[in-house]
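What follows is a single chain, given as C-alpha cells, in the form predicted on its own.
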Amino acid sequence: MCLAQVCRSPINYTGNKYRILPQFIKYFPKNVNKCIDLFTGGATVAINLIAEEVVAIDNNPRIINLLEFLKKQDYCKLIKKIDNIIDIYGLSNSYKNGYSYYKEYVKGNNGLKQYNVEGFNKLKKDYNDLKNKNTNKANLYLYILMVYAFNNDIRFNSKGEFNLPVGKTDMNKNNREKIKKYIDICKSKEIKFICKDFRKIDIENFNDVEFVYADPPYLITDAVYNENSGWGKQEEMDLLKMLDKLNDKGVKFALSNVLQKKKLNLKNEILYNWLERNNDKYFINKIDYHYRSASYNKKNRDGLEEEILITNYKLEE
C-alpha cells in the first residue's frame, strides 16, 4: 500500500492525522487489496489509502452518516443546496461576495464571527431541535454548522446537541475544494462506511483483510472525546487484545498512539506494558508530532507528547 498526494477530508474532526499523515506513507504495507480504518473519525486516513477496498469504521453515527451522505452527493447539486441554506440563515458567503464585502463586520482577529453569530445560533438551534438526525436536511445542517463553527470542528455535548460556538470562517473556496475532492475520491474507489463499536467487530471475518489501521482516542490526552468518559482503560485494553488477535491471524496492523507526555509526567502504562511484553513482535516508530493548528484547543500545547506508530511488521522503507 502507498498513499497518493494527501487530500483533506471535508470534515474536521478531533485528532485528525492530516498534518502528519505523510510521515506514515513509507510505513504502510504495499499492494493491499482490502484494509480497515478502525477509528476513521473524519476519514482523513481512509480517503487517502490506496487499496482495492477500504472499510472505514467509527462508533459515532452522526459522523458516519455525514460521511456517507456526502459520499453520495453530486457536487454541483450539493453546493446549490448549501448556498441556499446559507442565504436562508443570513450567513456570510465570501466565495460569492468576496471577503471585502464583510469588512465592516470584521473586528480584530475574529474574522466573520460577528456577521455570522446570529444566523449560526439559529441554525444550531434548528439542527438540535430536529428529532431525526439522519435525514438529508440534518446532514446538510450539520455540515454547514461545522464549516461555520469554532475551528471548523464538530462536537456534541452529553445530550447529543451540537455545542460549538460560531467561528471565523465560512463556505469559502478551500471548503468547496475539499468537499469536491472528497466526493471525487469516493466515486473513484470502493470505500464503505460502517458505524460500529470496534469491540463488536468479529475478528473471524477478517480473513480477507490484509491491513488494519487503528487511531483510537489517546488515553492520556485531554482531547474532547475523553471529556465524557468515551475512552478509558478498559477500552484501551480491549483494543490491544484485539490487535493481538489480529497478529495471531497474520493480519498486519498499524497503531497510532501517544506513549507519554513528558512535561506533564504522564505515561500510558497500559500501552507501555503491552509493548514490553511484545517487544519481540511489535515495532515502534516515533512520529514528529505537530498539532499546532489542530482542530481542537489543547490545554497544554507544550506537553511534548510522544506520538508513535506501532506495527506488527518491520517498517517498509
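Numbers for residues come from their place in the sequence shown, where the first is 1. Nothing here was measured: the structure is a model prediction, and the numbers come from that model.
Not pictured, yet referred to below: the form predicted together with a small molecule.
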Tell me which of 243 to 251, 177 to 185, 151 to 159, 194 to 202 has residues with heavy atoms within 4.5 angstroms of the small molecule in the predicted complex?
194 to 202
Within a 4.5 Å heavy atom cut-off, is residue 231 in contact with the small molecule in the predicted complex?
yes
Would you classify residue 215 as touching the small molecule in the predicted complex, given a 4.5 Å non-hydrogen atom cut-off?
yes
Applying a 4.5 Å heavy atom distance criterion, does residue 60 contact the small molecule in the predicted complex?
yes
Please tell me whether any heavy atom belonging to residue 257 falls inside 4.5 Å of a heavy atom of the small molecule, as the geometry stands in the predicted complex.
no
Assert contact residue (the small molecule, in the predicted complex, non-hydrogen atom within 4.5 Å, options 39, 282, 69, 27) equals 39
Each of 96, 99 and 171 near the small molecule in the predicted complex, meaning some heavy atom within 4.5 Å?
no
